[in-house]
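Just one chain follows, in the form predicted alone, and it is written as structure tokens.
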Amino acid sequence: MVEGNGAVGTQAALTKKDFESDQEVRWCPGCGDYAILSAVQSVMPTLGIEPHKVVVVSGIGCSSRFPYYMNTYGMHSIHGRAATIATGLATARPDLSVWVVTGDGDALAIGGNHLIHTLRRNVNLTILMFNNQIYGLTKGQLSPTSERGKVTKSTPFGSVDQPFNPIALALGAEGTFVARALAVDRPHLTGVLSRAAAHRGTSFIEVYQNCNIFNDGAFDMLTDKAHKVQNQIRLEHGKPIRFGERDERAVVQLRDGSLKIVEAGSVAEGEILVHDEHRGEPSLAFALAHLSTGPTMPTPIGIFRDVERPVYGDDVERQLVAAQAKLGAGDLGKLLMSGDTWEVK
């Protein structure tokens, strides 16, 4: 029985309010997390999934307060391990819609190993990785996505680290749904969220999210009215990749497979690259991920890849059914007492 709008036992349609908890939302004023939270709460009713069938798992970081603000089940877990905990949950309870909310530090530093194995296994869950290119909760240290030369509290002379490219990393781990969105572009973000939720397998969305306290303006070239049209490369399946105020710029593929941005008028229409998000072989999506080196230049936004592959939980369930058919029902007590045991007196 749907319990929408607080009316127990009715079939009332779910609304955004059904997914808003009674907790005061507490992030820094102006934080991009507010926009992402609102977008997720708006998308949830459209999925037709009741709040008690949704679970949000987070790690540690500013973004990890998310479960408190969702009127769903949730868990504020430990640093870097949100994807691991969510893997167990999604595998044991395939009837649930499982979401992971994490940040660039939580997911790509201490949690990097867990993230790539979730992606390669293709666990049926959705990962939202908030990328502000800084450690916000711990007051402004270098993160795995901070640009080279970045001066922070932990790199007072500038970073010498090569930053991760989260999209390329997800594609390299054979992610089946890989996308990028902007926290401040609500229509586009909600569209990507809806597509991710509908995908069977691991959906990975990198969300560029401004930290106005410790890394303000990191994404201005993609979000400011004066610059965004010239720098957002919107990816749309089946359409030539063009951008600019009059679509005057385009992306072409060179003979070596790399991509290049050109003036659209300088090439034939047939030479302009047509986006194919369903292409099984990931090299095109990987090339798009490397079209920009950071959000200060023309950068692809949208769904890079959306393909089908066996889902981890489905395969596990098939093995369990086959094992039970062959061996019969298991006996947990017998299993615990098998092998070497001893009695303490």
Partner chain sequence: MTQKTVQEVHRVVIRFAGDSGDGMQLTGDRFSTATAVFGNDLSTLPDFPAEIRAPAGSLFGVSGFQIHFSDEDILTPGDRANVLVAMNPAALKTSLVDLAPAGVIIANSDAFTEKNLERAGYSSNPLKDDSLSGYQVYEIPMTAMTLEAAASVEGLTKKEAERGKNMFALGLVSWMYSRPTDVTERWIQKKFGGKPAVMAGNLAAFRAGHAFGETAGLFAAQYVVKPASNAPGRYRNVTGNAATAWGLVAASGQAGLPLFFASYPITPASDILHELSRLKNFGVRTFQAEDEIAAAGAAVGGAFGGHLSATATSGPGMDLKEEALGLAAILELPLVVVDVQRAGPSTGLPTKTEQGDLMIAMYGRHGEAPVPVIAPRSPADCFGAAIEASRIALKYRTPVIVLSDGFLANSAEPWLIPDPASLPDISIAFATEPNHDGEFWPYLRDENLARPLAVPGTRGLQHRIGGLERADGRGNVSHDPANHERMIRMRAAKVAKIADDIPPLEVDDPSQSAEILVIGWGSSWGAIREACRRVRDAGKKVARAHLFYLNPFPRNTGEVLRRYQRVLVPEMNNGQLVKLIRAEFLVDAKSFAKAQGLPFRAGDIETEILKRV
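Numbering follows the first chain given and starts at 1. What we label the rigid core is the largest C-alpha set whose atoms superpose within 1.5 Å from one form to the other. This structure is a prediction, so every number in the text was calculated from the model and none was measured.
Heads up, the form predicted in complex with its partner chain isn't pictured, but that's what we're talking about next.
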{"query": "Candidate stretches 288-296, 273-281, 35-43, 65-73 - the one whose heavy atoms come within 4.5 Å of its partner chain in the predicted complex", "finding": "65-73"}
{"query": "In the predicted complex, the one of N210, S77, N231, T176 near its partner chain [non-hydrogen atom within 4.5 angstroms]", "finding": "S77"}
{"query": "Listed residue (A92, A226, L254, V267) with a non-hydrogen atom within 4.5 angstroms of its partner chain in the predicted complex", "finding": "A92"}
{"query": "R242 within 4.5 Å of its partner chain in the predicted complex, heavy atoms", "finding": "no"}
{"query": "Contact test in the predicted complex: D314 vs its partner chain, heavy atoms, 4.5 Å", "finding": "no"}
{"query": "is_contact(H117, its partner chain) in the predicted complex, heavy atom dist at most 4.5 Å", "finding": "yes"}
{"query": "Its partner chain contact in the predicted complex: P51, any heavy atom under 4.5 Å", "finding": "yes"}
{"query": "Displaced residue check between this form and the one not shown: Q23, CA, 2 Å or over, core reference", "finding": "no"}
